[in-house]
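In the form predicted alone, a lone chain appears below as structure tokens.
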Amino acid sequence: MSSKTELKPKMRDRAVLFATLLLFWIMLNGTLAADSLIIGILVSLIITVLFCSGLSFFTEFRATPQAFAAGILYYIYFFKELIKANFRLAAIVLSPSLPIKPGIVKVRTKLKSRMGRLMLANSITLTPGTLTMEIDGEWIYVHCVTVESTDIDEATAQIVAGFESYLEVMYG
């Protein structure tokens, strides 16, 4: 491979990282005032230069119409699961018998990208009653307040499959 061919993806990765950081800056500040924008550009540029290889997982998003649609559907699914899990956990906590069956479940993911796996692990952890403990290749170890199944395929379907269907389109 020529150095020119290798340079293009690196520049694209840096541009995506810079744009992502600047977008977050603008969203957090809620203004497009010149002084705020200049500071945002400088901070985003410094971070991009210092961490261009360390934050490369931002660039793994597949920028296709299907991926953007999957992103919207993913967040709808995530919030639906978040609400359901909150009600389930509240019912457990409010029950006098405290019907818990804690345990660690091993599940499998089809996701290949680091960002896809990170998003999956965070989605599991942010859902009340579950906590991602470790990611080891295709395996994810999840602590559950109430273990419903110790069978890997069944647990994967219950915990991972919903999130994974969207993340696979977004990150692969």
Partner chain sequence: MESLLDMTGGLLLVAGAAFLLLGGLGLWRMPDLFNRIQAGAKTTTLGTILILAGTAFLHPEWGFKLLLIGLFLLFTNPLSSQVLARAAHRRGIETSPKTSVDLLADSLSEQDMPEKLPSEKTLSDKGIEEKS
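Numbering follows the first chain given and starts at 1. In this text, rigid core is short for the largest set of C-alphas that superpose within 1.5 Å between two forms. Source: prediction; values computed, not measured.
The same protein also exists as the form predicted in complex with its partner chain; that form is not shown, yet it is the one meant from here on.
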> Is there any non-hydrogen atom of Y141 lying within 4.5 Å of its partner chain in the predicted complex?
Replying inline: yes
> Is there a non-hydrogen atom of L28 within 4.5 angstroms of a non-hydrogen atom of its partner chain in the predicted complex?
Replying inline: yes
> Using heavy atoms and a 4.5 Å limit, would one call L94 a contact residue for its partner chain in the predicted complex?
Replying inline: yes
>> Using a 4.5 angstroms cut-off on non-hydrogen atoms, would L45 count as touching its partner chain in the predicted complex?
In response: no
>> Pick out the residues of 95-110 whose heavy atoms come within 4.5 Å of its partner chain in the predicted complex.
In response: S95, P96, S97, L98, I100, K101, P102, G103, I104, V105, K106
> If you line up the core, does T132 shift 2 angstroms or more at its C-alpha between the shown form and the other one?
Replying inline: no
> Is it true that I26 shifts between the shown form and the other one by 2 Å or more at the Cα, once the core is aligned?
Replying inline: yes
